[in-house]
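Next up is one chain by itself, shown in structure tokens, the form predicted on its own.
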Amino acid sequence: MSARPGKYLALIPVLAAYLGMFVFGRVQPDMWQLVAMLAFYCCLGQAFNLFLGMTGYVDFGYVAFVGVGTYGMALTLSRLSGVEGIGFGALVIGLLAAAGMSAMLSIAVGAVALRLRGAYFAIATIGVNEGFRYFIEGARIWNGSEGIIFSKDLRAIFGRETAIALSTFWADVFVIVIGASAAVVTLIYMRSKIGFALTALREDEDAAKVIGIFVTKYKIIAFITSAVFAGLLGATAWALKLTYVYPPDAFEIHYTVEAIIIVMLGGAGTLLGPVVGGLLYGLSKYWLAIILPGFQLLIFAPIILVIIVAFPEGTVGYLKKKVRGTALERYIV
């Protein structure tokens, strides 16, 4: 029995990183927005890694789940603003709606796209993201291209002071909690039958089928789980934070590209990788924007290429090799 807790020692550096971001932001209030940005990138990478890292499939339409989660919270708050005494119940319902809508979309997409592999899967997911966005705009679903602005509804439900606190502080705290929760689920998967099955299909899907693994089942589990966390991220980091949602912004594909970069930088399939990748990406982007405003992307692109070429398994993947056989091996996963 004493060995079981040791299986989860790898959570210590990950949770310490999230806690460290929170504490730093509280001690240095003027740096809170930087902390919020870093937490967003870490959480985005952590959620995306649940699918990309564990299956090897690249989902270029991943931002669709973030966008749907944003709509879940926005619709809930705008529709329940007239319900007297709903209070924080609206927030809970909004989070459930975001998770549920993202899960339903992932089931619909996964039922078709997960039958494909490689470039075909990637192309199919790009089509889903763009198609869903234009469907919302063209069919005028959820106000269509006009979007939803619900800052007034947020104040009506919670009052002015609480609404301001939710959008300026608590939304960021929720992001940190979601990122930490995604890390916990990732490690649980890695240490369970699900993780072993996903590792097998990532290494050789045909061989995994031959030995009796129902690969479609495990791909769908990873796909839905990753989508749910994406939906929760959209509900908090976007909806609560900004109090509006527009289709072109909510379904902007560059968020998916950023998620891929973060996972690759840190190390796909690792637990600590998304945190390291999120911090590297976020800090580099922040400081380059200050030092070389207007040229940050021009400088940042070759830096990313150099890091990926130098560390093809990611920074954490490289670190894992270095600590193999040492006492630190249990903490770097």
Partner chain sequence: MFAEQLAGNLIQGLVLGSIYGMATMGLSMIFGVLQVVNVGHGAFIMIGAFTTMTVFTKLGLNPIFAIPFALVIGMALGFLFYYVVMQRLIKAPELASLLATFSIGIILEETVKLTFGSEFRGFNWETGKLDLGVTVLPYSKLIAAGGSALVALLLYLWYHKTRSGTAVRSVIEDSEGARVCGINVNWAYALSFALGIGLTVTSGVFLTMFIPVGINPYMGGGYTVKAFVIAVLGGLASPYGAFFGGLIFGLMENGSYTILATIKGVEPFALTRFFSFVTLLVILLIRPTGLFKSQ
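Numbering follows the first chain given and starts at 1. This is a predicted model, so every value here is computed, not measured.
The form predicted in complex with the partner chain is left out here; the points below concern that form.
Put simply, of 257, 107, 83, 165 only one has a heavy atom within 4.5 Å of the partner chain in the predicted bound form, and it is 257. Residue-level contacts in the predicted bound form: of 103, 173, 122, 242, one residue has a heavy atom within 4.5 Å of the partner chain, and it is 122. Contact with the partner chain in the predicted bound form, defined as any heavy atom within 4.5 Å, is confined among 176 to 184, 219 to 227, 88 to 96, 107 to 115 to 107 to 115. The three marked residues, 38, 280 and 317, fail to reach the partner chain in the predicted bound form, with no heavy atom of any inside 4.5 Å.
In the predicted bound form, the partner chain lies farther than 4.5 Å from every heavy atom of residue 148. Interface residue remark: residue 248 is not counted as part of the site for the partner chain in the predicted bound form, having no heavy atom within 4.5 Å.
The partner chain in the predicted bound form is approached by residue 298, whose closest heavy atom lies within 4.5 angstroms of it. Proximity of residue 291 to the partner chain in the predicted bound form falls outside the 4.5 Å heavy atom cutoff.
Residues of 172 to 201 include none with a non-hydrogen atom no more than 4.5 angstroms from the partner chain in the predicted bound form.
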